[in-house]
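Below you'll find only one chain, the form predicted alone, shown as structure tokens.
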């Protein structure tokens, strides 16, 4: 077995308690340990990506218990890709947090590591029970990060976030209970082998459980009508926390991509393509409503939050088309949208800090670094809205091309292009208001403190550079992603890696 597979979970699980016990009163030591762990995580994720690129899916059996009875982790091209994306995002955003955000509350770095543990575990786990466990780990950590720094508005948003996710967790348990009752397994590979064998009388229970899981993953992915929690949560979180949360919606999308082609794909008999009739309409509505929200937003963080909802609609539209070509396009857009959303949240945080804590889309006094930040915002807005020549344009072009043969091609093209226009108008209005229009400061307005740390700007610049690299390497990267998409739609490779190596179920 490849013992590197467990390290993305073990590394943050070990660093987090060390931070609590040894560095809770020493911010400098906490920063050193946290950054060192982030760098090591990125190196480890790249090593796993290289390993997954040259081999079929690999299983790691904890305690050497055979699947499907024991706990298994599975590394394939998709999970390795998500690990690299998470590690890259975490390191870049952590640099931003070192500019002072991490000192505004206790245990920031420990919570950060527990969050990464949960996210990495969700990407690697091979069974639904442990997917639930890792969901709870990342959610508990996210509760702490959400309210980091305090404030009444942040606490209210945190309570709403907790309630929504508790409901989601309850539905998750009900769904896996229903699926287990008719299949006798929660192992993903074993489920793929057993779904075609489920008796016709039990199909309704199986389908209800699967669609409940789709609902749970839709909550995580902020899919309409389950999106209502996101604008308040992301809009009130601190900038680095909101930027890290850009990967949280992708955990929901990853779960949909992992489950439905594997267990309810072409080999599932009458249960094949179970999610598509529900997923496509919800994704298109999410895309449309998200961009309408961009147009109507009154705060920059609110605008970015609605852009995230719209981008999730674009991503899941491609996923709902259920073909290797559309999945390859979806994976490229997943990378782009995560980085674009994160950098926009960081820009919003920096603009708010330089304007005295206000990110309202209204004219304000001139603030320091306005020229550089306006340039950053311009590039990030072009990327998010899908304008040429950046990665958002490439991603949307790939999705539109993959939809040409679909039955709803005209509708998909219309919604994608129309929503892009709304996005352009919304971001143009926001940029012109924030960076071109000025107003005299009020008599009672407190001038913001001067910004002395360059780390936030370094972090923003590095994420924008990643978007430029994503654009420049679109050709070879889409080739690699097409192979990854083909592997997703060949579930026998995944099943053989888990059950074949372990000898299968007796």
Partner chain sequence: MEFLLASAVGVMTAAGVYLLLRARTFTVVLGLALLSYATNVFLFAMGRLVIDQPPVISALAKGYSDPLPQALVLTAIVISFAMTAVVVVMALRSFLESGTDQGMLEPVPHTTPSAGAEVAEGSR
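Numbering follows the first chain given and starts at 1. Note that the structure is a prediction, hence the values are computed from the model and not measured.
Absent from the display: the form predicted in complex with the partner chain. The rest refers to it.
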| query | finding |
| --- | --- |
| Candidate site 162, 181 and 237: all three near the partner chain in the model of the complex by heavy atom within 4.5 Å | yes |
| Residue contact check: residue 359 to the partner chain in the model of the complex, 4.5 Å heavy atom | yes |
| Residue 226, heavy atom within 4.5 angstroms of the partner chain in the model of the complex | no |
| Exercise: residue 140 in contact with the partner chain in the model of the complex, heavy atom 4.5 Å | yes |
| 4.5 Å heavy atom contact, residue 154 to the partner chain in the model of the complex | yes |
| Option touching the partner chain, based on a heavy atom within 4.5 Å in the model of the complex, out of 429, 104, 203, 370 | 104 |
| Single option in 272, 285, 167, 292 placed near the partner chain in the model of the complex, where near means a heavy atom within 4.5 Å | 167 |
| Per-stretch contact check against the partner chain in the model of the complex, the hit in 262-270, 188-196, 245-253, 298-306 (non-hydrogen atom, 4.5 angstroms) | 298-306 |
| Contacts with the partner chain in the model of the complex - residues in 368-395 whose heavy atoms fall within 4.5 Å | none |
